[in-house]
Every structure is written in C-alpha cells, then in structure tokens.
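One chain comes next, on its own, written out as structure tokens in the form predicted on its own.
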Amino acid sequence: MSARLEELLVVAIAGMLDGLGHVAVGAASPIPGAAALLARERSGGRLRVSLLGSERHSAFTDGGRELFDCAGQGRIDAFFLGGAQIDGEANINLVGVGDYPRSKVRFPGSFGSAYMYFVVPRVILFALEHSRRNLVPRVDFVSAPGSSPPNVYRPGGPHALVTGKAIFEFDRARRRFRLCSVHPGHDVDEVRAETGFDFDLAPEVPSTPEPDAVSLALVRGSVGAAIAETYPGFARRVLGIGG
C-alpha cells in the first residue's frame, strides 16, 4: 500500500530532526507532532519530544510559559511554525489580510511565534496548503520576521518550508528559499506556478522520497498510537487507528 501525503510528510520532516536533542511541537500540529515522535522512535528514545497539549509526550506542566522559558535557555533545538501567509524571505503572517489595523480578514494572532522564531535554532515552517493565496510575494503583516539586521542577536530562524507539494530549504545569508524536492504527483512547473514568491532551484529537482517500509510501519503502528492521544481524529482518518 502506497503512502498517503500526510505519511510522506511525517517521514520527510522526521529526517530533518535526526541527531537533535529536543524537539518541541505547538498546538494543532498533528503532522509535525507525528514526525517528532517518529524521529524519537528512530533515535532509540534519545530525542526528547515536547508535544504541547499532550499528557504523555511532554514534561511541561505549565504549557506555553514553560515552553518559552525552555526555548529562551537554548534547550529546544527545533520547533514548527505556520502562517496564513508566508513570503520568500520567510516572514510569516498570523494576524490578517489587508492593511492593518483594518484587515479584511483576521486570524487568531501571533502568540509566541516571533519569540520562538528568534531563539530556536531550527524552525521548520509548515503549510499543508501550497498556493499563491498563502505563499505570497510579501506578507500583509509581519507576525514574525524570517531575518534580522546584523546587529540583532538572533540564534534562531527558519531552516526549511514544508508544504503539501514541495520542500524548500532557507538560505539565511541570502534570505531566500531553494526548492529541494517536489512531492510525487507534482512537478517544478506546478510548484512555480502556485508559489507567489521567487526561489532558487537546481537544474534537476528530485522527487521527495517515498517513506521506507520500516518508517511507514512505525507511522502506522507505534507512532500512530502515540499521536492518537492528542490527535485522535488525525490518527483515525489518516492512519486508521482508533474507533
């Protein structure tokens, strides 16, 4: 049985977490959460995972405040952020569309996104949607900037962008994305047409690898059972786990 898109993304993201010490995952993030749990399985339990909202897979007892404190001390190696809009310089918008403060559409808000973006070394941007609506030339409101002036101390920042069609790496020095792979069923021309910002790419862009059998078995087995504690709907719909 071939892998579904969500399973492909879980395995691809898990590969970005290999060798790290501590990965934290925020709320409403079943795919990044499953990826972190898969990376933990493959590390033999050496990777620490803090899954916000989970009782079994997080040592935090005070939610966001504890998460921010841990990140500020440099004790989180990777985190995930999304945005209703993401632009080519890795700026994200979680506030609204249109001229602020008279935005035509309002979103939930930035919460701690800017803080985490500045202090976590490896921030992976995740957006299942891949269209010109959310991947824009310039965000309407900068909730969290992808880059900072040279005189600003900033150990954290964007590492990659994972979407439902492709994976990009971010070059912090050039403030620019590079297309690394395109998911099966899509091609470079489609990605270019559906992306509102310009990006770099190699002469030949590979297809995102299909999950290997061992990883796929883990995702559909122990990892799926673990993520079901926090995201039962995702586990049931995508992985067929649960009633």
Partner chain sequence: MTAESAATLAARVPDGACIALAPDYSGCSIATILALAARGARELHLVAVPQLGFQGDVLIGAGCVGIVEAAAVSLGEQGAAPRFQAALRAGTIEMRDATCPAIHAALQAAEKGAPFMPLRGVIGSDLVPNRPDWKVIDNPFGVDDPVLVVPALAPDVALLHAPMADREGNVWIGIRRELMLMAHAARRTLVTVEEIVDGRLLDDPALAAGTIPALYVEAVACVPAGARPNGLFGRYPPDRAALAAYAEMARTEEGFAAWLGRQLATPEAVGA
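Numbering follows the first chain given and starts at 1. Please read all numbers here as calculations on a predicted model, not as lab measurements.
Omitted from view is the form predicted in complex with its partner chain, to which the following refers.
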I have Phe170, Asp189 and Val219 flagged as a candidate spot, so tell me whether each of them has a non-hydrogen atom within 4.5 Å of its partner chain in the predicted bound form. no
Are any of the heavy atoms in Asp62 no more than 4.5 Å from a heavy atom of its partner chain in the predicted bound form? yes
Exercise: Leu128 in contact with its partner chain in the predicted bound form, heavy atom 4.5 Å: no
Please tell me whether any heavy atom belonging to Phe118 falls inside 4.5 Å of a heavy atom of its partner chain, as the geometry stands in the predicted bound form. yes
I'd like to check something about Val142: if you look in the predicted bound form, is any of its heavy atoms closer than or equal to 4.5 Å to a heavy atom of its partner chain? yes
Between Gly98, Pro137, Gly74, Gly112, only one gets a heavy atom within 4.5 angstroms of its partner chain in the predicted bound form; which residue is that? Gly112
Assert contact_stretch over 146 to 154, 82 to 90, 128 to 136, 160 to 168 against its partner chain in the predicted bound form, heavy atom within 4.5 Å, equals 146 to 154
